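Next up: a single chain in structure tokens, the form predicted alone.
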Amino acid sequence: MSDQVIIRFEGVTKQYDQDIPVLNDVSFEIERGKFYTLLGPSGCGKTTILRLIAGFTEATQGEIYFNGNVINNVPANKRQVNTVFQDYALFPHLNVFENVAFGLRIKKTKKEEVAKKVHEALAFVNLEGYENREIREMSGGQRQRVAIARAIINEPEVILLDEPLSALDLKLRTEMQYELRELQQRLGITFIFVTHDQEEALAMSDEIFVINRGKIQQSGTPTDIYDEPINRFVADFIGESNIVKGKMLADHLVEFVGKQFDCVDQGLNPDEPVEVVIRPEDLEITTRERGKLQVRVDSQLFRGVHYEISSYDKDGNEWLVHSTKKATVGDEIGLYFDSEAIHVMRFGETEEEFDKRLEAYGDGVGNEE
């Protein structure tokens, strides 16, 4: 195992009684100093992974490694991780100073050292001067920063964050995304963040694990996962997608909606059934004659930075378009797209097989630095 790997799951399953496993034979590696996001719908198993790392629950099968050592039987208070919970779990009867100092008090740290470390931690999260403030007097964003200060004061190697932004309003949530990312980079330690919000995951992460029904569907950088989803679930969950059935005729040639199109995908079998993804922002509104697709505009919403246009082709396939151009409901228009905008998904392809296929593209798709 590489020295850069701090956490490794090897065939980990978590099952309660005879229920369907919450996690099913999950394996992955976490490297030092990166911001990881566990992304998926409610009940997919992402919080269970966090709890297993923290030691709050035990694996039914498999091994969990921390710095190369198996930690399955290591109690939570002996692990070099701290957790920031969704509700922050702050003590309402203690002021900011005492909330942050709590872990050090438990360790019977000297009074002078406690004061020094608390002031350093609060300065790190931009809360200098708030030492005597009562928790009930703090805003949601300030409470979150108190929780993070309490987490970092014990100098853990990993910080686990269980949907800590979910209770915040949209504007504050966006601000805290930037603050969390900046804080992680300044600390230089590993953050593992749980969310079901794909925009949050794309904005903050070095790497994302997309999880569904107890299995990791795909892992990679935000760009990799957005541009090259492995299957329909990932394509739908990460951003909005137009997905239609098609057939791979040959390398770089795919058929869908009754037409043949050049594409960048290769390594599939001739005439293999596939699914085709085109992102809404990759569709350009044009004339019927120039368009590679001909559609009728069904509805239109203004989203601030773009119009969201829903349209249908003659076969009833919906095509969602994000455009700065305004359309007219009822009009017949053309949709143009480049060959690079087409992404072909193979049914039942594993992530390992998918990665090998992308590597075969050379310096083109999937290998941009």
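Residue indices: 1-based, along the sequence shown. Everything numeric here is computed off the predicted structure, so don't read it as measured data.
Omitted here: the form predicted in complex with a small molecule. The next part is about that form.
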Is there a non-hydrogen atom of K292 within 4.5 angstroms of a non-hydrogen atom of the small molecule in the predicted complex?
no
Counting only non-hydrogen atoms and a 4.5 angstroms cut-off, does H196 reach the small molecule in the predicted complex?
yes
Indicate whether the small molecule has at least one heavy atom within 4.5 Å of a heavy atom of T324 in the predicted complex.
no
Against the small molecule in the predicted complex, would G68 count as a contact residue? Criterion: heavy atoms within 4.5 Å.
no
Heavy atom within 4.5 Å of the small molecule in the predicted complex - residue from V26, L335, C44, I64
C44
Flag this candidate site as yes only if L249, E255 and Y312 all have a heavy atom within 4.5 Å of the small molecule in the predicted complex; otherwise mark no.
no
Counting any heavy atom within 4.5 Å as contact, can you tell me which stretch out of 296 to 304, 313 to 321, 335 to 343, 34 to 42 lines the small molecule in the predicted complex?
34 to 42
